[in-house]
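Coming up, as structure tokens: structure 1 and structure 2, two forms of one and the same protein chain.
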Structure 1
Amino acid sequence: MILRHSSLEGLLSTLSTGARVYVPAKADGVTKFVLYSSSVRPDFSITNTTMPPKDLLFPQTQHMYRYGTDAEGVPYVEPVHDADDVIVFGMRPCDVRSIECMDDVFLTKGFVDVSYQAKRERLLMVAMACTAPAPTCFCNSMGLCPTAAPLADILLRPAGATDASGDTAYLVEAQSEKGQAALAQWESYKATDTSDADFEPVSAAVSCSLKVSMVGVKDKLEAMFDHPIWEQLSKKCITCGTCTFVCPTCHCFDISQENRLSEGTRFRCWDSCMFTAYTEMAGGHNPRASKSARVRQRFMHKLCFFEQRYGKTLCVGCGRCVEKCPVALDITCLIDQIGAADVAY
């Protein structure tokens, strides 16, 4: 199916009648996925939104259940259900890949996370292939392709040729049954005066300029737990949580509660392995008390531990942390340093 850029607005407003549709846009100076309405101007030229779409599945604050004591003094606990049909329109391939990582965490290994699952089942991912990766993008190096998003339900690839009116066209393909079914709603917006064959979609030749080599990185890291690199590298880290909060795959959380008189709600919220209190135990012992231990944990988890456990790297190469770290502690520089480290593996 070919979709012209000029029909997007109509499509989005149709879609938003049956689901909550999120599109990349700038709101209050921050680029993120914004709930579509007629007043929102989607901006598909944003390569990576500052905030990743992860919070649509894993909100920064997720209320889990309410509790209290009933009139007879019997304690009760009742779940909070808040899943809705959601369409994320214009996810980048790296963000789609990040959902794959989150699926591994929340849906496998013996325990299924109920609230994540409820949201995940009602999520439709519409991906948009990248034509112009940002200078901080390095997804190629992490085994991704900027123009392919296998897990997405629907993939939009900007087509190379534009017609006389200068209107960009997208080649639309369903990649899952769910996507196929969803396309029924799109039919009336497709370009009828042309066919798929007339368009050459953006090709695999699109590539990030920033490149790192992941060869041997995981294996080397297995032997680098006690390497001096962590102490050196962590000196400049100020242990804020920026990298973990803008990361599309960071999924660590805390569980806390909010009480009002005799009732309350327990929620889970994002937490960061960079924070001292994250691993501090009652009684004061902290297994990751030092800054270097925490920095090591973050990078080892991304580049080594997660791969050992789930078979994929927990970094998708979106470059958000590279861009937002206030002290330029750059994961790509770290990968280079690991590559250069004289460690047998």
Structure 2
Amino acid sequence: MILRHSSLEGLLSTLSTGARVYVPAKADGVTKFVLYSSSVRPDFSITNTTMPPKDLLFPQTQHMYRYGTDAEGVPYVEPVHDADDVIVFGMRPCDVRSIECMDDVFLTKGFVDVSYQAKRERLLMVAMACTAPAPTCFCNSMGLCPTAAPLADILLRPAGATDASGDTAYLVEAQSEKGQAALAQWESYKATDTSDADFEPVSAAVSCSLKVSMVGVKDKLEAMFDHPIWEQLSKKCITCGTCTFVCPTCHCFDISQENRLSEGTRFRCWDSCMFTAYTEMAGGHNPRASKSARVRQRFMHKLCFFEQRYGKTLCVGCGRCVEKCPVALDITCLIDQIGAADVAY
């Protein structure tokens, strides 16, 4: 199926009548996935939005359940679930991979997070292949391909040819049963004056300019828990938490409640392993009180612990932390340092 760029606005308007549609755009000075409306102008030229789409499944603040007593004094507990269908249109392959990592955390190993599951089941992911990765992107090195997103329900690949008007086009491919069913709504917007054979999709050979080698990194890290590298690295860190909030796979959270008379709400909100209070216990003990311990935890989790448990790294190579860290504490430089470290494994 061929979809012309000029048809996107009409398609998004149609899709938004039956679901909440989120598109990459700039809002309040920040690029993120914004709820589509006639006043929103999607920008599909954004390689990676500053804020990833993870908050659509794992909101910054999420009500989990309400509790209290009714008029007759009988206690009750009511789960809070979002029942809306959601379409994320224009996700990049690294963000699609990040959802796969979040699925591992919230839906596998014998545990199902019902709040996450309710949202995940109603999510349609429409991915867009990358033709020009940003200078801070390194997804190739993390085992991804900029032009492929196997977990996406629908994949759009920019085509190399245009018509006489200069209108660009996308080759559209359904990659799941959910995606195949969704394409029925797209029929009236597909280009009828051309065929797939008339267009050449973007090459699968698109590559990131920033590269690292992950060979042996996990195995080396298993022997580097007490290595001096963590103390050296932490001197630079200001523990602001920026890296964790722009990361598409960080999922630390805190749980609290708000009470009003006989009613209350339990909710969770994003937290960060970089904050001192995150691991502080009720009795005052903190197993990661030092900054070096918290820095070590972040990178060990991304590059070692998660792979031990789920078989993949928790870093997807999107480069957001590389771009936004105020002190340039670069994970790619750390990977290079680990690779060069003289550690037996």
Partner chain sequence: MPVNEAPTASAATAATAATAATAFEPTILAFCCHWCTYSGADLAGLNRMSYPANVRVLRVPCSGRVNPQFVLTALNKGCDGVLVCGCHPGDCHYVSGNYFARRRLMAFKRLLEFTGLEPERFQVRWISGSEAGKFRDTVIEVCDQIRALGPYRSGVSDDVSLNG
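Structure 1 provides the reference sequence; residues are numbered from 1 along it. Given the structure is predicted, the values throughout are model-derived calculations rather than measurements. Whichever C-alpha set is largest while still superposing within 1.5 Å between the two forms counts as the rigid core.
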Choose between structure 1 and structure 2: indicate the form predicted in complex with its partner chain.
-> 1
Has the Cα of Thr69 moved 2 Å or more between structures 1 and 2, judged after a core fit?
-> yes
